[in-house]
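First structure 1, then structure 2: two forms of the same chain, each alone, as C-alpha cells.
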Structure 1
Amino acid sequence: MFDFLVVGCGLSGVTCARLLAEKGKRVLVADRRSHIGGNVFDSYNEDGILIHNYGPHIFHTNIKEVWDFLSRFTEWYYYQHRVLAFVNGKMVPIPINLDTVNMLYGTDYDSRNISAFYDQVRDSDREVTNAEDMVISKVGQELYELFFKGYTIKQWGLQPKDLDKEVTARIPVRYSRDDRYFTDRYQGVPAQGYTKMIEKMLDHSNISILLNTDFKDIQNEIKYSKIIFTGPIDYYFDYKYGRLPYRSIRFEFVTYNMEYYQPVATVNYPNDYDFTRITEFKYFTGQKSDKTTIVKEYSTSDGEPYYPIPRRENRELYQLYRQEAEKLGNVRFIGRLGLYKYANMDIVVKDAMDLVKGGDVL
C-alpha cells in the first residue's frame, strides 16, 4: 500500500516524491517512458558526448528556495547561456542588445544613447494584447520581422498575433551589451548531468519507481491513497472535452569530428531553414572531446507533448478540465502537462514544493 502514486518521473513528479518521502510517506513513481527524468533526461551518446535527449536545458532561477533545494542533489557547472540569431547572413546576439543593433545597422550607439534608437523604431502607443504586439511595442516592425515573426511561426505553427503576449515577453530587449540569454541570479547545468541529479532525488527508502508503465494500466491494480498526476490533464479525463493542443519537436542529433561546430551553445534561425535552432551540447558541460554533438529542433504538431500552446481558446478548454480536477478529492495535477502551463524548470519545482508544503495534499 502506497500513500501516493506519483504519475510522471519528470522534475515535478520527482520533486513531489522526494518531499513526500521526507515526510515519511510511501511513494510510487510511475512513468510510461523507459527512463527517469522526463524531459530533462540526459545521457551519453555513442560518441561519449553528454546530450540532452529532449532538447537543450539550462537551469536558471531567481527563486533561492528552488536553487537551494536542487543543490542538495547536485553540484553545478556555472554555465551562463549565450545565443546568437542568424539574421541577414550574420550571427548577432539575441536577446536584441546594443551590439545587435550596431552590427545590423552599422551604427555606433552606446548605452547612453541606444534608447533614442529604440524610441525611434518602437510602436510605444500600441496596445499589447498578443505576442506580435509585445515585440513591436518594444522594437518596432522591422526587428520583429527579422527576429521574431519567422521563428514564432516555425515554433508554434501559428501567427504571433494568435499567441499570448507572454510567449515573446520571455525574450527581453536590452539597452546594454549584456549578451546572456538569462539574467537570473542562479544559473547552471548539473555538473554530472540532470539524470544523475534526478537519481539522487529519487534515492530514498520511501520511494519506489515503476518505468515503462502507463497510469491507466495500473490505476486499478495498485493500492494507494492519493495521486499526483504530472501527465497531460486531458488524457487523465479521457479527452472528454476534446484534446488540449500541444506543440512537439523532432530532434535531429548530429556528431561531427571537430572540436566545436558553432561559436556559442545555441544559434537561432528565425528566417532560414526549417529548424528553429541548433544547439551544441559541449558548451553546457565543459566536456572535452575531439568530437562534438549538435541538435536541430524541428517543431511539429504531432508527437510527444512538449509545449502547451499559450492562447485564449486553449486556456478556456483547460479550464473545463481544471473544473473537473477540482471535483476530485484524492488527485492533484501539477507540472507542465498537468497544469497546461508553459513553465520553466524552476517554476515546476516551485509549484511542486508549494503543493507538498501547502499541506492540503497530505
Structure 2
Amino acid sequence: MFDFLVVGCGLSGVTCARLLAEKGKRVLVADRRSHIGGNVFDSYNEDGILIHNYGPHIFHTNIKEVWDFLSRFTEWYYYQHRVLAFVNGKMVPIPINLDTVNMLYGTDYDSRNISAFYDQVRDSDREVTNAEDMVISKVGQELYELFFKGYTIKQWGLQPKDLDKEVTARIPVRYSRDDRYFTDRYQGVPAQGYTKMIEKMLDHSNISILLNTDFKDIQNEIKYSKIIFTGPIDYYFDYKYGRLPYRSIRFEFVTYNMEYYQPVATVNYPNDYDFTRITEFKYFTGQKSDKTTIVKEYSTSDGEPYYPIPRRENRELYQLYRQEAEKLGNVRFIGRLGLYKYANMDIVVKDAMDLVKGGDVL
C-alpha cells in the first residue's frame, strides 16, 4: 500500500516524491518512458558527449529556497547562458542590447544615450492586445520583424497577432552591454548532469519507481491513497472535452570532429532555415573533447507535448478540465502538463515544494 502514486518522473513529480518521502510517506513514481528525469533527462551519446536528449536545459532562478533544495542533490557547473541571433547576415546578441543596436545600425550609442534610440523606434502608444503588439510597443516594427516575427511563427505555427500578449511580455530590452540571456542570481547546470541529480533525489527508502508504465494500466492494480498527477490533465479525463493543443519539437543531433561549432552555446535563426535554433552542449556542461555535438530544433504540432499554446480558447478549454479536477478529493494536478502552463524549471520545483509543504496534498 502506497500513500502516494506520483505520475510522472520529471522535475515536478520527483520533487514531490522526495519531499513526501522525507515526511515518512511511501511513494510510487510511475512513468511511461524508459528513463527517469522527464524532459531534463541527459545522457552520453556514442561520441562521449553529454547531451540533453529533450533539448537544452539551463537552470536559473532568483528563488534561494529552490536553489538550496536542488543543491542537496548536485554540485553545479556555474554557467551563464549567452545567445546570438543570426539576422541580416550577422550574429548579434539577443536579448537586444547596446551592442545589438550598434552592430545592426553602425551606430555608436552608449549606456547614456541608448534610451534615445528605443524612444525613437518603439510604438509606446500602441494598444497591446496580442504578442505582436507587445513586442512592437517595446522595440518597434523593424526589430520586431528582424528578431521576433519569424521566430514566433516557426515556434508556434501561428502569427504573433494570434497569440496572447503574455508570450512576449517578458522580452527584455537592455540599456547596457550585458549579453547574458538570463540575469537571475543563481545560474548553472548540474555538474554531473540532470539525470544524476534526479537519481539522487529518488534515492530514498520510501520511494519506489516503475518505468515503461502507463498510469492507466496500473491505476486499478496498485493500492494507493492519493495521486499527484504531472501528466496531461486532458489525458487523465480521457479527453472528454477535447484535446488541449501543444507545440512539440523535433531534434536533430549532429556531432562534428572539431572542438567547437559556433561562438556561443545557442544561436537563434528567426528568419533563415526551418529550424529555430542550434545549441552546442559543451558550452554549458564544461566538457572537454576534440568532438562537439549540436542540436537543431524544429517546432512541430506532432510529438511529445512541450509548450501549451497560449490562446484564449485554450485557456477556456483547460478551465473545463480544472473544474473536473476540483471535484476529485484524492488527486492533485501539477507541472506544466497538469496545469497547462509553460513554466521554467525553478517554478516547476517551487510549485511542487509549495504543494507538499502547504499540506493540502497530505
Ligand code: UDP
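Structure 1's sequence is the ruler for residue numbers, which start at 1. For the two forms, the rigid core is made up of the largest set of C-alpha atoms that agree within 1.5 Å on superposition. Everything numeric in this text was worked out from a predicted model, so none of it was measured. Shifts are known only where both forms have a C-alpha.
Only one of structures 1 and 2 is the form predicted together with the ligand; identify it. Note: form predicted together with the ligand is structure 1; the other is not.
If I superpose on the rigid core and flag every C-alpha moving 2 Å or more, which consecutive runs of 3+ residues come out between the two structures, in sequence order? Run moving 2 Å or more: only 169 to 171.
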